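Only one chain is given next, in structure tokens, and it is the form predicted on its own.
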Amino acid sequence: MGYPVLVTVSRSEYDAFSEIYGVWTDTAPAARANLSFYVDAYLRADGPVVELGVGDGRIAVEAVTRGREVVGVDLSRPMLELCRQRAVRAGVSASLKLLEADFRTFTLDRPAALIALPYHSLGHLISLDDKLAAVAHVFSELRPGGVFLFDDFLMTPALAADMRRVQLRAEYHTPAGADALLWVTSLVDEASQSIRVVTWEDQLDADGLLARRQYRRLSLSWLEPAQAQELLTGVGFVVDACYGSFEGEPFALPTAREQIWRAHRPA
């Protein structure tokens, strides 16, 4: 199940990315698809709900507005601030507890009934050892019978080719009112199962000329389905299901678009 151990992603990547995160998620098909899937799972949980990689609270705050208390965990302080602001705007900040912590070391006040890791966020941990540490730690923070729910990239030749294209992701105005374009491409390395996302934001002047360009980069990775299953069962999880889409279709190649795993800690 091995692939080369790479350097763990630094916090600074995500701090810088927070400045464009809203535009990024608003234009991502996976983000649009996963919202109701995770919110529904949070609402069905019989006990404490924890979201790892809570980001700007896109999913967590939606669940909180519908009556579910959530603990949100993220390593990036700027992302947690965006989440806090979203909760304040929604009037639900009292029902959302935020923890600045790593997936591998977070500590809960009480064992969770559901721990979720949405939006391919296990890929923020680059090495297989780091992923194993995170999955094992999730297991330890769940109560008996508690559920772990996460999704990961399903890398295919078509997806890799699409990621490698230079794409205009969005046209928008910055908070300061500048006319902006957001571009993206990725370096995909199948051998190491790694992705280096490169984005650049072009801000234009009144004549449409480039006034400012800022690059931001993210390091990501993915698991093959067999690796994901081995990680889960290796730390003691029982796998309940693997879905191929956020509509709940059973995972099957070549129709699957995602790999979405649901597992539980035995009672």
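Numbering starts at 1 and runs along the sequence shown. Being a predicted model, the structure only gives us computed values, none of them experimental.
Form predicted in complex with a small molecule: not shown, discussed below.
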Practice problem: Specify the contacting stretch among 235-243, 195-203, 221-229, 50-58, defined as having any heavy atom within 4.5 Å of the small molecule in the predicted complex. | Solution: 50-58
Quiz item: Exactly one of L125, V188, V147, V92 has a non-hydrogen atom within 4.5 Å of the small molecule in the predicted complex; which residue is it?
Solution: L125
Self-check item: Option touching the small molecule, based on a heavy atom within 4.5 Å in the predicted complex, out of R104, R164, R143, K97
Solution: R104
Exercise. Give a yes/no on whether P118 approaches the small molecule to within 4.5 Å in the predicted complex, heavy atoms considered.
Key: yes
Quiz item: A112 near the small molecule in the predicted complex, any heavy atom under 4.5 Å?
Solution: no
Practice problem: State yes or no: in the predicted complex, is some non-hydrogen atom of F251 no more than 4.5 angstroms from a non-hydrogen atom of the small molecule? | Solution: no
Quiz item: How about L75: is it within 4.5 Å of the small molecule in the predicted complex, going by heavy atoms?
Solution: yes
